[in-house]
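Next up is one chain by itself, shown in structure tokens, the form predicted alone.
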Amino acid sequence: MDIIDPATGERLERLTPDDEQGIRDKAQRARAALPSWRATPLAERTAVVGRFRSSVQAHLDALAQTLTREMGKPLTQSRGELTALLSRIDFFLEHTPEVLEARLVHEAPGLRELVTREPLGVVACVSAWNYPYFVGGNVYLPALLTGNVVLYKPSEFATLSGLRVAELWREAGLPEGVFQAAVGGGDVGRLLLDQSIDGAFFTGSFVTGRRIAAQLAPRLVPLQLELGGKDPAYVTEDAPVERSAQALVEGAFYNAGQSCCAVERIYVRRELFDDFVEHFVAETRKLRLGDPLDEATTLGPLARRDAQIEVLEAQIRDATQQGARILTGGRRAERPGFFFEPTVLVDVDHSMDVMRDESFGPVIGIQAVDDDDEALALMADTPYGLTAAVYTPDPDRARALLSALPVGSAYHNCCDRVSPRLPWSGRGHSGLGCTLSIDGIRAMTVPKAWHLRS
């Protein structure tokens, strides 16, 4: 399996994927390690995770370099992901004890009723490449703290970063078998999910998530799916134009638009439309596309190489054939690697693929609307339900609009934001279950009811 630098197209490393016997052996080792790890006192599990945190901090620059070279994220953004991972670790360390504490729910003469929470068991984590430290850490950190063992398959586009995670756990003193990384693509992921597992967590596309759900359904394996989005933003007629445009350019093009919560379509009140578009295009042209290892670069290459570029080209071709106009970008960058120019389209509508299908790249359509009702109808016109944003100085208006939308995360005057304190979840084609927050820790456990008579 070749690891390719998306900024140059050159091979970084060649790895041997796991075969069926290798995956089976790892699953058996995980099952054998489970009783001892779940019986390990929480204080000792916490100490291991604390040492893992220290290792991440000590190797942060090297880890960021590896991520940038194999996935293409600008180096400053790779460092930002790892720095933010530290605060997520802190959240899980602080709040896991309260989740695991036995809860007395009723007491009467001669009777006590308690609820405790126990680990799922062997947890499979099939992770993503766009934010590998965030996405993987959202699962394996609370899983390990609550007493689970983990079979971890990083994306084939972030394998080197995934293997470094496994090394850091070994350095932290995690016992043998408790955390194991599997190397390979989708076929290895399918093999992993065929093993004897007690829970599965997947991040990726709706198509793959649906297939995984069908694969696990006959065994009733608990499953959580973090899938895609077609995340909308609405700019009202009284919103501050320049500040809204700046925020939404970052929301659309950060990480080259390769985020499930990236802004993928924008609706602007007609009376503000021309002014907003002018500012948005001006901000877009400030983006610096180039070598992701260069500290000045703000837009790197696409990680999934030619296949994703073809998706973007097809969406732009479909839109322009139906009357859309390209204000900037619209094509592959003329340089080695897998770069695509940041692209802004106007005169778009919902007959066009770019306003309905996930882009997952640096392409955005901006559509004028006449009122709140039209904006709301268009924002809801999607099978996805991950995030939605409203830019307005009126918080009551924003809350009313966002409350009417079936999304997991609602943003007022912000976008493309994730907090460890809040649950990360989707509706419809955007997924099942949640990670992060207290709810994300609970997701790694199952409740046990205790009826205690004296």
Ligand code: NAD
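Residues carry their position along the shown sequence, with the first being 1. Model, not experiment: these values are computed from the prediction.
The form predicted in complex with nicotinamide-adenine-dinucleotide is left out here; the points below concern that form.
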ask   = Within 4.5 Å of nicotinamide-adenine-dinucleotide in the model of the complex, heavy atoms considered, which of 174, 212, 122, 348?
value = 212
Proximity to nicotinamide-adenine-dinucleotide in the model of the complex, single hit among 302, 344, 235, 135 (heavy atom within 4.5 Å) = 135
task = Determine whether any heavy atom of residue 391 comes within 4.5 Å of a heavy atom of nicotinamide-adenine-dinucleotide in the model of the complex, and answer yes or no.
result = no
message = Please tell me whether any heavy atom belonging to residue 266 falls inside 4.5 Å of a heavy atom of nicotinamide-adenine-dinucleotide, as the geometry stands in the model of the complex.
response = no
message = At 4.5 Å between heavy atoms, is residue 222 in contact with nicotinamide-adenine-dinucleotide in the model of the complex?
response = no
request  = Give a yes/no on whether residue 116 approaches nicotinamide-adenine-dinucleotide to within 4.5 Å in the model of the complex, heavy atoms considered.
outcome  = no
key: Among 369-377, 150-158, 99-107, 274-282, the region lying within 4.5 Å of nicotinamide-adenine-dinucleotide in the model of the complex by heavy atom distance   = 150-158
task = Residue by residue through 216-244, tell me which have a non-hydrogen atom within 4.5 angstroms of nicotinamide-adenine-dinucleotide in the model of the complex.
result = 226, 227, 228, 229
